[in-house]
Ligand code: ADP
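Only one chain comes next, encoded as C-alpha cells, the form predicted on its own.
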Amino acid sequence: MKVIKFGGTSVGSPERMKKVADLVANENAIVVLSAVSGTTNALTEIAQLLYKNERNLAKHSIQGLLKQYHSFVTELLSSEQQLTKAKDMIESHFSHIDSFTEDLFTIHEEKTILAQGELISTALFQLYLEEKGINSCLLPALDFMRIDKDLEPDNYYIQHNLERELKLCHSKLYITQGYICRNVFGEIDNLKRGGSDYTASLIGAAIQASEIEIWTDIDGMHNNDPRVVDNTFSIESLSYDEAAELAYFGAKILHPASVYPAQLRGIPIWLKNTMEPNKLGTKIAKEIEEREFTAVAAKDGITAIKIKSGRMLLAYGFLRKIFDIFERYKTPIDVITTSEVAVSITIDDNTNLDAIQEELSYLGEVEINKNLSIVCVVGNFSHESMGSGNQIFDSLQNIPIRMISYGGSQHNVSIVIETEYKKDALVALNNGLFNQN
C-alpha cells in the first residue's frame, strides 16, 4: 500500500481536486490531504483577531471564508444530494468556528480552529469520490495521530490505532487529514506548518508502505530555488541525508522532519507535480548516483549569536554551559563555529532571545546579529574529495561571508550571509556549480 500526500495547491480549486481524484481513483493507498490553499492563512488571521478581541472583524472574516467555500462546493459537486451534504457539513464547521467569537480565546481554541481546514478538505474530497462512484473510506486523523509530552509523534499509539481504523473500513482507498493530531491530553493539536508531509511519512512508517508520494505544484526537488534563480532543474534522485539537509535549510517542497520516519523503514519518497503528473519528479532513497554538487538551498530569518570570552581558552565545560542555556529554552541551533576565544551560533527562533542573551552574558561578551540567511550547498564532500571548496568560494568571491560550517556532515557546506545578499549568492552558486558549460 502507498501513502500519497497532496498539498494545499493540489486541492486549491474544484478543478484541481477533481484531478487529484482521477490520480488516486485506482490506487491502493492512504491519501493525505492538506487544507485548501489559503484556508490555513485565513483561519490564522481569524484566530489573531480573536486574540485581540476584535470579534466583529473575526465574524466578518468567517463569513467571507464561508462564502468562498459555498462557491467551491457549487463547482465541485453536481448532484443535489451531495451538494446538500456538503453545504450542511460546511455550515456545521463554520458554526463551530463562529462559536469561538462568543467566549474566551486561548491557544487551544486556536488549534481547534486551524484544524477545520483539513477536516473540510477531506470531507469535500470524500463527497466528490462518492459522487463519482469511487469506493473510499474517510479515516479521522484525530483518532490515530498523536504527539507525546515532548511534542514528538507517539509512534506506538499511531501504529496501533491506525491499524484499528483500517480494519473498520473495507476499501483499497483511504482518505485522511494531514497536519492535525491530538496531544497527550487528548486536545486537538498539530504538527506545525508543512506538517502534512510529516503525517504522510509517519503513516508510511506505521504501515510499512511500499512508497510515499508527496504531490505539490513543482516537479520535484530543484537544484536551486526556482522562485529566485533562473535555469534550475529537477533532481532525479536524492539520498535521505541530502533531502533532509535541503529540507531543513530552506527547500520548501518538503517538511524537514518528514524524511526520518521513511529513512528508518527504508521507504522511498517520491516528490511529484500535480499539475504535470507525467513528469518523473524526484526519488529519495538510500542508494543514489554519485556526484559532487547536488543542490543549493537558503534559509532566512537567521540570528547569529557570538559569545567571546578569555575564560574559554583551554577551559573544558564551556561549550556545555552554552548548550545547556539553549536546551533550557528549547531553542535549536543551526550552525556553530568555534575559535580559541569565541563561539558563534545561529538560531532561527528568537522567541526567547532576550533571556538567552542575558544568561549568555554571564559567560562572556555577547554580540547579536539579525537579518541573516544560511546558504546550504549539498553534495558529496567526502574527506577524499578535492576542489569542492574552491568552486564554492570562488563562486561567492563577491559575497561578504559571516560564518562557514563544514565537517559535521559530508553532504553539507553551510555559509551564513546577510539576507540582502541571498539572491546574489544563489545566482552565483548556480552559475559556478551547475551552469559552467
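The first residue of the sequence shown is number 1, and the count goes up from there. Keep in mind that what you see is a predicted model, and the values were worked out from it rather than measured.
One more form of this protein, predicted in complex with ligand ADP, exists but is not displayed; see below.
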If contact means any heavy atom within 4.5 Å, which of 214-222, 69-77, 342-350, 323-331 contacts ligand ADP in the model of the complex? 214-222
Just to confirm, Lys286 within 4.5 Å of ligand ADP in the model of the complex by heavy atoms? no
If we define contact as a non-hydrogen atom of the residue within 4.5 angstroms of the partner, is Ile253 a contact of ligand ADP in the model of the complex? yes
Could you tell me if His170 has a non-hydrogen atom within 4.5 Å of ligand ADP in the model of the complex? no
So in the model of the complex, does any heavy atom of Lys149 sit within 4.5 Å of ligand ADP? no
Looking at Pro277, Pro226, Pro140, Gly266 here, can you tell me which has any non-hydrogen atom within 4.5 angstroms of ligand ADP in the model of the complex? Pro226
Can you tell me which bits of 1-16 touch ligand ADP in the model of the complex, meaning any heavy atom within 4.5 Å? Lys5, Gly7, Gly8, Thr9
